[in-house]
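Only one chain comes next, encoded as structure tokens, the form predicted alone.
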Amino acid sequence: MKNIWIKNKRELVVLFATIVMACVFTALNATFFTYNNFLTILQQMVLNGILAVGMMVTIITGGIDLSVGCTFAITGITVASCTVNGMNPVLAILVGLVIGAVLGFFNGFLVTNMKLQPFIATLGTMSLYRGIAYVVTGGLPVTSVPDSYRNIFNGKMIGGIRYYIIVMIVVFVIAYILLAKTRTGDYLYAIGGNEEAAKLSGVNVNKTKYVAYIFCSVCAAIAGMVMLASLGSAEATAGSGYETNAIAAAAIGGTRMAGGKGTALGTFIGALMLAVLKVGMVVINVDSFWQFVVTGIIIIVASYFEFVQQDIEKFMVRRKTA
């Protein structure tokens, strides 16, 4: 039990805070603690959760991807156009995944081969990808997406669980395996911890960063296709500002913004906390504008907690070596 606490204390603290938050909302409005509301929370966290786990992987390397919302939009528009024009839904999904991979590859190229700072590189592609989305659509939405596509993500299982919730869980499991069970995961952490030391240890830094940015963009593409299935339409404005919540979920879940630390489980709990907060504030009839205020406060507190935790760790190391 002690080992579990030591290994996962950040995740457990955030989970405890989420449970306390849920209890407060339940005390204020008993309808919060219902099965249907639980499903609503899971549905609310799907998009942000998928985006956040991809964002987490890039942050672990010491980078960031500000273009996820625009990748989200481009993928939705492309897949919508494909399905409306009669393409097989499964083939359209594969096209969406390829688009995500290509856009992620370009982000990786700018960061690795062009030696641009990740913030600047993805800030540029954020504008570039959004502009492409507007040019392709002329600012008009793509509508009338067939049910044959929508039901792949939007259909229901036993208990009212929609398929896209399962998709989110699968994405998190893949991220967990990548980070915890593969050599690439070790390389991702090594690069975020100390890139120069990783190079000297024989790590192919460029290749590993490509993996991070491609994975992040593929996650954004999956989120875009889930949104398309839910709404039945796609537009160039989709995903605007989504990168903020993705970063927030990763940070709340314990991902170190300087790189080198982060887990799929922590990011899942961070996304869950934000979904509980959003749904809870709706249930107790709090103005939606306050959600931005509360989310900002949570991000600041989570970041400060990480700062304090690092100081405590350094203090404990000094004590042991003294």
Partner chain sequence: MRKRFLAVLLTATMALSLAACGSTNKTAGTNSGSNSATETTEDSATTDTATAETEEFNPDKVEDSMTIEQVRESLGAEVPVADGITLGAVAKSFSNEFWRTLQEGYGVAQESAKAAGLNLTIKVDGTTDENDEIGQQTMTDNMINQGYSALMLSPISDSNLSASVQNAKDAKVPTINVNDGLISTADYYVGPNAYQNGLLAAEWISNKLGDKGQVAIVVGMAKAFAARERTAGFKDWITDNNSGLEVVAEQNADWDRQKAKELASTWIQQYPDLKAIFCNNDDMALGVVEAVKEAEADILVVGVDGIGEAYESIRSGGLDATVDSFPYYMAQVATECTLRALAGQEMPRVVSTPQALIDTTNVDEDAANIIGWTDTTFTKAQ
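These figures come from a predicted structure and were not determined experimentally. Numbering follows the first chain given and starts at 1.
Below, we refer to the form predicted in complex with its partner chain, which is not included among the displayed structures.
Contact with its partner chain in the model of the complex, judged by any heavy atom within 4.5 Å, is made by just one of Tyr164, Tyr149, Phe215, Tyr129: Tyr164. Residues placing heavy atoms within 4.5 Å of its partner chain in the model of the complex fall in a single listed stretch, namely 287-295, out of 49-57, 287-295, 63-71, 264-272.
Shown here without its partner, the chain carries Arg10, Leu91 and Leu123, none of which come within 4.5 Å of its partner chain in the model of the complex through any heavy atom.
Residue contact with its partner chain in the model of the complex: Met257 places no heavy atom within 4.5 Å of it. Although the partner is absent here, Tyr134 is a contact residue: one of its heavy atoms lies within 4.5 angstroms of its partner chain in the model of the complex. The shortest heavy atom separation between Asn85 and its partner chain in the model of the complex exceeds 4.5 Å. In the model of the complex, its partner chain sits beyond 4.5 Å of every heavy atom of Ile247.
Residues from 191-219 do not approach its partner chain in the model of the complex: none has a non-hydrogen atom within 4.5 Å of it.
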